[in-house]
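This document starts with one chain, in the form predicted alone, laid out as structure tokens.
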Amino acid sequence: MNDLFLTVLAGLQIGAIYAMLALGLTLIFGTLGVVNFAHGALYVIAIYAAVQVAINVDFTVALIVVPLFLFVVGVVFERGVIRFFYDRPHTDQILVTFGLAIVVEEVAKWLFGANNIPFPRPDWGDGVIIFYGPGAVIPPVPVFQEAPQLWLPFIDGFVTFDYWRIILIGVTIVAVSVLFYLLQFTRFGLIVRAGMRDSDMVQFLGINIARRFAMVVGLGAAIAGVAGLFGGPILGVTPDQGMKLLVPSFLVVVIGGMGSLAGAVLAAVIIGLSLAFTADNPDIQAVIIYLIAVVVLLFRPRGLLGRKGVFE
């Protein structure tokens, strides 16, 4: 039971990073109909911005500055590039955004080099968290006595897990909840959803829908910024990190259903758990995401929670 519990936590942590990146991808596609292959580049910008602010100023400052900076980058990206491709074929969108991703990667190599840059965690996120069960005896050593502790009835003895990874899971839950609330229960979300159905009608009502669409892209970029802040210390800071995460994140979107936020979260959890449970077999782990995609799309071409007719 202890091993099962730790494997599930590891899977949720993997899925958390994919979920935040996939949310930005599917948010932009569901709102604007744009397949944004530059989303991995936004993650790269986020991790380098985060590590520079965290090292030279403070990680707490980075928590505020980096998402805001990525929001601005996203708005500029939408106004300067994406808005010209709304009515173009998806192949054109993929080519231009993928090209931008390559440019960002090469610029990062030129500025910071190709090697990994250390990303120190803040003091409040370091160490482990202890999960203990009935009758557990935790050794009286400082590293255990000072660590956060949580009682769970099904744990035999006690187990430890990286505290930062637990924080990452919690941040993802908060980010997903805030995004769902914003889109479903606010005036901004109402206008955006109306614009998705008929942008011309919304424009005729005197609402600047183009400004809202730019904010949506900025919001997706800000989520990538949050993913970089909390994923950077785990995955590392290298120029090719965005490309490594892009394909799995896009598959999360496809498996969950293009344009479905709930589907992206569900698919991210499934893929994260699949990768965690196949960690002992690298050969299977290397292809498990693609196997899941094949099985899902064979029986449900629109994805798990995709809308009818979207990429079907």
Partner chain sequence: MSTTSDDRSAGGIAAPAGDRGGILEVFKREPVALAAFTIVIFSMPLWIPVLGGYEGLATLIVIWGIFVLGFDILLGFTGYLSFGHAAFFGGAAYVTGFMYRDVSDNVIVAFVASQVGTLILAVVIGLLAMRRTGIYFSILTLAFAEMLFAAALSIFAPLTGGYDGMTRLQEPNLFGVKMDGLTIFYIAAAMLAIGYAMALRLRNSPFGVMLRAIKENPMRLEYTGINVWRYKMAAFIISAHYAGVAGFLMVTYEPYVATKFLHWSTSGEVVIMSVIGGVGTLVGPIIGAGFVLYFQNVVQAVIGEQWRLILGLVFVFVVAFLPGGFVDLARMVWKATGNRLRARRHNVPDMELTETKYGTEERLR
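Since the structure is predicted, the reported quantities are computational estimates derived from the model, not experimental observations. Residue numbers count along the first chain shown, from 1.
Same protein, other form: the form predicted together with the partner chain, not shown, and the subject of what follows.
Engineer: Candidate spot W110, V294 and R302, all three in 4.5 Å heavy atom range of the partner chain in the predicted bound form?
Structural biologist: Every listed residue reaches the partner chain in the predicted bound form, so yes.
Engineer: Using 4.5 Å between non-hydrogen atoms, is E105 touching the partner chain in the predicted bound form?
Structural biologist: Yes, E105 is a contact residue.
Engineer: Examine A210 and determine whether its closest non-hydrogen atom to the partner chain in the predicted bound form is within 4.5 angstroms.
Structural biologist: A210: no, not in contact with the partner chain in the predicted bound form.
Engineer: Just to confirm, V35 within 4.5 Å of the partner chain in the predicted bound form by heavy atoms?
Structural biologist: V35: contacts the partner chain in the predicted bound form.
Engineer: Counting only non-hydrogen atoms and a 4.5 angstroms cut-off, does I270 reach the partner chain in the predicted bound form?
Structural biologist: I270 lies outside the contact set for the partner chain.
Engineer: Among 83-91, 182-190, 212-220, 68-76, mark the stretch whose residues have heavy atoms within 4.5 Å of the partner chain in the predicted bound form.
Structural biologist: Stretch 83-91 is the one.
Engineer: Counting any non-hydrogen atom inside 4.5 Å, which residue from L100, I138, I173, A147 sits next to the partner chain in the predicted bound form?
Structural biologist: That would be L100.
Engineer: Considering the partner chain in the predicted bound form, which of V247, V61, I55, A262 comes within 4.5 Å of it through any heavy atom?
Structural biologist: Checked against the cut-off, the match is V247.
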